[in-house]
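One chain is shown next in structure tokens, namely the form predicted alone.
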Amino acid sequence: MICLGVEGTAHTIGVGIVKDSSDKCRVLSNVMKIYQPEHGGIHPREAANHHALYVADLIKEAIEKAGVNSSDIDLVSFSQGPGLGPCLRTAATAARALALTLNKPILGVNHCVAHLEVGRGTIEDCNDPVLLYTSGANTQVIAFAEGRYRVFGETLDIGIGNCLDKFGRTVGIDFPCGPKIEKLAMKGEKYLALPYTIKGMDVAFSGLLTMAEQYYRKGEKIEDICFSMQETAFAALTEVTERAMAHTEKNEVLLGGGVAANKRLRNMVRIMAEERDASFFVPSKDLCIDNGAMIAWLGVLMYKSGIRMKIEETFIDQRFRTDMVDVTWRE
């Protein structure tokens, strides 16, 4: 089975084509365009206009790079949620138009679950992991239990990616801020105390962000602030991930989401896994960030398990939580 997936939850419009190869995901193509606002954060309507401008060309490019014909596509899938409404509607409209044109079935998929499944689908020996999902708006610790992906811990205020981006905007760093903050953090020499907020299995970052901004206004070195933010936030994320692994008695951990590209976060979680004699996995960078290939692969899994949708059922859901998905493709 070959599936084309359209991702459009926030700043990225992506199109990916995957093939089911003995129940593993073979990525044939994975192309994307990222909206970069001139000022401030993401403006949903402007991002949607950006997506509408590029999505048709990306579909064409993905098909060409995959080396297939449009008639070879068996299924079209799209990110149904969670995400920004205007962006989700643009991606869904493109997917509906393509499915109707090709006379192919269509499925809407959960963006968060897609991050987990693309890791399981592309990495050998990654079978039943706890997922530390770290992106702009989403920060969750997820694991499969009793027919669903359960959220064992999550942010109580802002996602880790948004925390980094908000700080970046305060100090004049261009979007996306995370990679630039990571480079600055590598030059940090002094740890500055920041609020370490864990409540049960959940985390919070707004206090950390406020204190980091205060340090900046007081004239502390930007490198030291970035270093301290990463050390504090990533330690909290690693701690709740380890708690989830202990609670679920799972011996695999998987990173997903754009912040999973951060080398310091990877190293912290890897060390934690090694100390637990557990396996550590992280997908390739292009599969960590928002992308169409992960949407396509989850579409394949859902379709093979018997899930079907009519066009009129392909509405978007901005608050489509991870634990709302019936996981019919796993036992």
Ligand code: ATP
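Please read all numbers here as calculations on a predicted model, not as lab measurements. Start at 1 and count along the sequence shown; that's the residue number.
Not pictured, yet referred to below: the form predicted together with the named molecule.
Stretch 257-265 is the contacting one of 216-224, 99-107, 257-265, 198-206, since its residues have non-hydrogen atoms within 4.5 Å of the named molecule in the model of the complex. The partner is absent here; in the model of the complex, the one residue of 242, 154, 182, 231 having a heavy atom within 4.5 Å of the named molecule is 182. Residue-level contacts in the model of the complex: of 81, 129, 178, 119, one residue has a heavy atom within 4.5 Å of the named molecule, and it is 178.
Looking at residue 173, you'd find every heavy atom of it more than 4.5 angstroms from the named molecule in the model of the complex. Taking the partner from elsewhere, residue 133 is found to have a heavy atom lying within 4.5 Å of the named molecule in the model of the complex. Though the partner is left out of this view, residue 164 does reach within 4.5 Å of the named molecule in the model of the complex, counting heavy atoms only. Within 4.5 Å of some heavy atom of the named molecule in the model of the complex lies at least one heavy atom of residue 138. For the partner-free chain shown, 9, 10, 11 of 6-28 come within 4.5 angstroms of the named molecule in the model of the complex, judged by any non-hydrogen atom.
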